[in-house]
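So this first bit is one chain, no partners, the form predicted on its own, shown in structure tokens.
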């Protein structure tokens, strides 16, 4: 070939540079043949271009040179070894399907439970954590001490906030909030908002609520201004801009102007509200003198301290501050006020003062322990089943060791299997968690999580935990299995050691100790809640409808209009009902020594029929009566606790004694038997009854016939809509309203029950695996026994007896532990049930029954098998 007809030399050199030596000659020859043909057919220029393109097209992996290897590649290079580990692990999983299923399902269930509980615990522990300045925010709580009692308030005097701002330069800002039920109207829309909040203009300075529209410094500055959340703005104004729009507020229909729109508060915030009305609407518009009152408590105050301020040092200044501003008032009213600062992050879980929303740190501890126990049970299953299978894998270990496998290699093999199983369990757990989060939110009664996508950090932690569990749970089986002596196992003289058997029995005992403890705890929680639901409260709450009916003549006219309805038995008005909030009044009552004893007493403002309709028993004196004109202004009824507080030995001694309360002076006319106007978690406190004024008593309790409740309710609603077309018909049933105090306990019961069932399920999975394994190992023994005349029943008893003994030992350990823990839990209730003996008997029988059902299938199947087959199999 002439020089000018040759392909580009640089392309040929490139081919020799990258192409493998055993291919380069053949490929170059082919390219040259093609080049020659193309020269003849297409010309030199095009042939050279195609030659270059063909060279570049050969730059593929198959043609590249490879680094010569100086030494032969070992049979087990790390990647190959890992592939080998995984391959054998998969084969073992597939070969032993039942054991694999039990292990993976147990781990998956345990991981899922831990994941969900971790979300719950994290949710509870991060209340108010969204506030970046949370470490400098404190709630100003107060203790009010009189000669009769010490009241622990989470609210503070109205006059406190403004005076603190003047006297404490270390305070950066102070914001007060007060949650109220308010009526709002816009056109045909009318809602009674239960989550309306009165708030100071400094709300957005103290807390990190995000204001989307409006000026955070002035949005709540002026009276009759309101900030809506995104949800409430959408509710009232749809897609229109709400800024500058107005709503009708309250019964008087005053105009409030929208001055801001904020992002919905986080779910785990103590301050939850849909509508935030400026505090000045109350302090400068409705009650202009309230800011001067030290004896009136109404709002919760939060202070933001300047960086570096020591709250303890600030608290030491409070006594002088109070003496300076409220000393005269405290002396006159024979009371002492003590102020203290509670860190914002501690309020939800650690404060025992009244709050709209509070948690329980003990519940957090309990569920954390439950999560650990469930995970422990799942890990015990894994270790138990793996070591139990040691005999089956003994020959494999012997062969591997005989051909040169080191102990460390075998240990890695078994660890790889363990970790792989945990990874599979992790994947299943993530799928289960994603599916169960909505149900878990419903069960917990709060939006603990928005979904698995929002919890990716927890998923990553779960993956790390899965790998760690796989490593830790696999260490013992790995070293047990890899320690077998090849000579013994290949000669068939290998048997499981006594230590191994004892270990498995010990682990099964631990599993069922935890499960039985949880069974007993669940029964105690259920009996306590049943006790609270069925306990005689001392008043009648059934078939009672409570309607927000307004006050004064408006209420009286409505009451009179429904009394003729067929299903209405009676009606009575009051300012509070059992289970709800009621005010406390500074009062002076004549005690046994004839002195006017000061106390802050709970007050029920009621009409003449309240005591009768609610079934309260008069134990001394009389109830209110229209026959006595002075009852409206000069009569007071107290409960037995109040009489006891005053030092009277019998209720009758209190009748006729003097009282002074909220501008009324007169005599005590009667004493009612104690009744539970609060939940059974609280002791019955001293309570006073006085007749309502014309401006209060907006709750109308209507006792209806239980036969036609729907029709009666519909008839009452029609009456309401006819008389008040511009106001919503708002009502609730008293029994449901009262029982909602126990919702947190009911949710605790439901969560505990579900996790207890899960713990038992996982324990039974392990027991099932061990029973199955034990049956297989004793096949020959069973065959011999049957040939010798043993009955099926005796075989079942033999196989079940060992496990039932373990359950019995577990019960002996669990019973005192459970009693101790649940006795402490019950101490948090003022009224509690006893821990009965039957609780332990039921737990013992239930655990034995569940265990027996779990292992009976394997035992019966082994007992019924033909002994010829059993012996042939050996």
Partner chain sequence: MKGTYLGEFEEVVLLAVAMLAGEAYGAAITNEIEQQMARSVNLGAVHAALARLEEKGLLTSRLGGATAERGGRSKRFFSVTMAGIKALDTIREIRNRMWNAIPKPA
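None of these values were measured; they are calculated from a predicted model. By rigid core we mean the largest C-alpha set that fits within 1.5 Å across both forms. Numbering follows the first chain given and starts at 1.
The next section is about a form of this same protein that is not shown, the form predicted together with the partner chain.
A.B. asks: Given that the partner is absent here, state which listed stretch (54-62, 836-844, 802-810, 817-825) has heavy atoms within 4.5 Å of the partner chain in the predicted bound form.
C.D. replies: Correct option: 54-62.
A.B. asks: Counting any non-hydrogen atom inside 4.5 Å, which residue from 32, 44, 830, 848 sits next to the partner chain in the predicted bound form?
C.D. replies: Looking at the other structure, the residue within range turns out to be 32.
A.B. asks: Given that the partner chain is left out here, which of 852, 14, 23, 860 has a heavy atom within 4.5 Å of it in the predicted bound form?
C.D. replies: It is 23 that has a heavy atom within 4.5 Å of the partner.
A.B. asks: Closest heavy atom of residue 50 to the partner chain in the predicted bound form, within 4.5 Å or not?
C.D. replies: Contact check for residue 50: yes, within 4.5 Å of the partner chain in the predicted bound form.
A.B. asks: Is the C-alpha displacement of residue 56 equal to or greater than 2 Å between the shown form and the other one once the rigid core has been superposed?
C.D. replies: Comparing forms between the shown form and the other one, the residue 56 CA shifts at least 2 Å.
A.B. asks: Compare the position of the CA of residue 29 between the shown form and the other one after a rigid core fit and state whether the shift reaches 2 Å.
C.D. replies: Moves: yes, 2 Å or greater.
A.B. asks: After fitting the rigid core, is the C-alpha of residue 13 off by 2 Å or more between the shown form and the other one?
C.D. replies: Yes, shifts by 2 Å or more.
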